[in-house]
Structures are given as structure tokens and as C-alpha cells.
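The chain below stands alone and is given as C-alpha cells, in the form predicted on its own.
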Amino acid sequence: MKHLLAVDWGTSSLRGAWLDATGKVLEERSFDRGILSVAPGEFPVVFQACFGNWMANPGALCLMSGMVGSRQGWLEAPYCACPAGFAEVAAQLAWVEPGRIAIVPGLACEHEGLPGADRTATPDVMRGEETQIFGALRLLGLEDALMVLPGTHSKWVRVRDGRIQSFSTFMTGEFFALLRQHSILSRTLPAADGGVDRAAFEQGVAMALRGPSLLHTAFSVRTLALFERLPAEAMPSYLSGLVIGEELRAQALPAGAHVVVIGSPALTQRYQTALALQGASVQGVGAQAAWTGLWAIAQTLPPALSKAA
């Protein structure tokens, strides 16, 4: 492999990076061509238009991750069962073009069911985050870690011996959007979020950590506005603190826990602030984790496997 085209193809966006044989990013591209904007059968056309000149280079290999491997994507890549590391993921690549273009499988794990006669386990899944996790492990030189990938659907991940053991999904960002835009709370919130009000955000986190549940604490957004206990412009930050605090409350973090946060600078900063209130230390990793993860998976891929695929 002389060059790797690393692609993160999600629901709403398409990103690609051109890497040399050492994993160094030579160039990046970004397009507003998420899988929902691509008609069935048109994925090869979009791929060629965006990255065709890169893939024209002899010996180029492309690894893609994200929703491109879903049932709505280019080719469904069956989930890889946890625990899983580099080797397990590399062995289950879904090849679009044998030896040339492949999709990294997402991961699946099982959570224990409810007590009783029927203890049916509940599945959890991720697509795309696994490459960021593997990349963060390489970037930070870690084999064991507790990680969180904040976003619309936040993922809390436990890694041991370089393998993802299990993970849990929290619909934090989606619940924030629903409450922010479609609940009675939206009537008391300003039209724009504005900048982060750290004091209001921390107040929301603290309320969530000591409250019974978000079903109860969310109503405080309305009452604090009614009694003018917080200014309107601070309310989005307070609500953000409530939903992130609810997510953290479910983790039962031990004192002195160390958490790796993988995400955008803005979200990473919020989680660092919230985790500090629980006495946890934090390391942040940005978007480059996806490229490092795909490159690391490529290094694990035996040459004979790609030729035979």
C-alpha cells in the first residue's frame, strides 16, 4: 500500500483524507454528500466524482467507515461482535472492489436483559465510532481506556488490551434538540443558543447529578424562567448541562476516573467541564482520530487477504 484513502461517510456528510505510507495526511476533502443525499446505485458515481483522481494512483487502497456500511449505504457491512480489536475488524471488511475499496464493519455488543424468566439481551451498535476509538488508542499509546464519543448519540466505550469490550449509547444530543425545539421548554428559550454560559452549564450538570431523572429536572428550565432565576440567554447552556449531566449520572464513575473524550473541540470542552465536577481527569482527541484509525486497520490487513477478497 503506497497510499490510503481514508473515508468517513456518514448520514449527512462525506469526508476523505489522502494518507501516505507512513499515515501522514497529505490532503483532506469534505463534501455535503451524506448517504441520505445519494440515490440507490449512485454511490460509485459520487465516490468517483469526489475521490477518483486519488484512487487513480497505482497501489491506492480505500477504507471507508460510517453509515456507508449500513443498509441504506453503498454496501451493508455486517456488524463485528465485541470484544473486537484491529485484527477482528480487519478480518471482516466488506469489499466493494476486492483489494481496492472496502468498508469497515461497525460493532455490536449485547447488554444484559431485565431480571426474570425472560432475560433477553438487548443489542447496541455503532458505525464509524470504532475507527475513531482505534485511532485514539494509537494516538495516545493506550491499551486500556474509558472513552466517550459525544454527539447526537453519545457512545461510552470500555477498552481493554487494545480491544473494545463493550459500549453503551445515550441519545443525549437528540434529546437536547427535541427539548430545545419541540417541547414546552422551547417557549422560554431564545431563538439562538449563543455562546456557552459556563456557570449556567455547570448549574445544569449539578442539578442532573443530584436529581432523580431528566424527566423531573428538565421542567426546571421552565420554572427558572418563570421566576427569573436565570436570564433567557443562559437557558440553552443550562439545558445542555442537564442532558449531559444525566448522561454522566448513568456512568457511576469512580473517584479519580480518567476519561478520553473523542469529538469536536466545542463538545470536548463541555464534557471536560462536566467531568471535572465529578473529579474525573480528561484527555481530548479530535477529528484526526478517524484517519489514524483507518490507517491502523490498513496496517493490520494481511496483503494476501486483500488480494484474495
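These figures come from a predicted structure and were not determined experimentally. We number the residues from 1 along the sequence you see.
As for the form predicted in complex with a further copy of the same chain, it is not shown, yet the points below apply to it.
The three residues Lys155, Ser168 and Leu224 all sit with a heavy atom within 4.5 Å of a further copy of the same chain in the predicted bound form.
Remark: Val243 counts among the residues lining a further copy of the same chain in the predicted bound form, judged by a heavy atom distance of 4.5 Å or less. Among residues of the shown chain, Pro123 is one whose heavy atoms approach a further copy of the same chain to within 4.5 Å in the predicted bound form. None of the heavy atoms of Ser237 is located within 4.5 Å of a further copy of the same chain in the predicted bound form. Although the partner is absent here, Thr188 sits far enough away that none of its heavy atoms falls within 4.5 Å of a further copy of the same chain in the predicted bound form. With the partner left out here, a further copy of the same chain still marks one of 142-150, 157-165, 96-104, 198-206 in the predicted bound form; by a 4.5 Å heavy atom cut-off that stretch is 198-206. Taking a 4.5 Å heavy atom cutoff to a further copy of the same chain in the predicted bound form, the contacting residues in 199-222 are Gln203, Ala206, Met207, Arg210, Pro212, Ser213, Leu214, Leu215, His216, Ala218, Phe219, Ser220, Arg222.
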